[in-house]
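Below you will find one chain, with nothing else, as structure tokens; this is the form predicted on its own, and questions on how it binds or moves follow later.
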């Protein structure tokens, strides 16, 4: 049983909180577009994945100059890495090793004594759905399996966000027929994600605001000469909440124009607004 959500400030007050998630594919290389996004859209909290930097070299100064003075990191050299950057206090940082190999793919915090925020970067899973022991695909499935066990023990209102590297619905990919056996949209990955979702009755916020029958993408390959015209995208980035937070979510925005900024990531930011 999840405990009731405590007030973020004083009883009777309503606080608006906007939480963004973005696989940035190297935060130092793309710090200019991160700063632009924060200036233009001003989320209260930004969850980054694939930061590709050790904690000691994370560009904290750029964020602090914009008023993001609360930072939780879990980084490593050159690969992976996650971060939570916030204007509001963060407490009780945790970092789970769901791949059981030391890779920096999760960081979680408590936000202002109100709820847990968990930022995750699920492994991509390799080029092909290879089920042999030690394969990247098997590691991905094991990662989601360990997340599922973690999810069973949740006892607080929680937001789970990040790059899940799984597009579960047929409308989450540009062609279900052509991608049905391609990593990120295979039946076994979708089944694993469904099992995770069922453990805490997680709610997929994007599909609360954007109908499931409507195509929705957050990632487009660098390989496309004209990504926008071909629009061969996938919805790999997600924002989930436990049911006790569902009525607190008032909007969910996918910032597609960011894919054209400067040196873009292949992912775009997603932002959910909550009223607590």
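Positions refer to the first chain, counted from 1. Please read all numbers here as calculations on a predicted model, not as lab measurements.
One more form of this protein exists, namely the form predicted in complex with the DNA; it is left out here, but the text below deals with it.
- You can rule out all but one of 40-48, 238-246, 215-223, 64-72: in the predicted bound form, only 215-223 has residues with a heavy atom within 4.5 Å of the DNA.
- Contact between residue 121 and the DNA in the predicted bound form is found at the 4.5 Å heavy atom cutoff.
- Looking at residue 86, you'd find every heavy atom of it more than 4.5 angstroms from the DNA in the predicted bound form.
- In the predicted bound form, none of the heavy atoms of residue 207 sits within 4.5 Å of a heavy atom of the DNA.
- In the predicted bound form, residue 26 approaches the DNA with a heavy atom inside 4.5 Å.
- Using a 4.5 Å heavy atom cutoff, none of 106, 161 and 191 lies near the DNA in the predicted bound form.
- Checking 156, 93, 195, 136 for any heavy atom within 4.5 Å of the DNA in the predicted bound form turns up a single hit: 136.
- Taking the DNA as it sits in the predicted bound form, the stretch 77-106 comes within 4.5 angstroms of it through a non-hydrogen atom at 78, 79, 80, 105.
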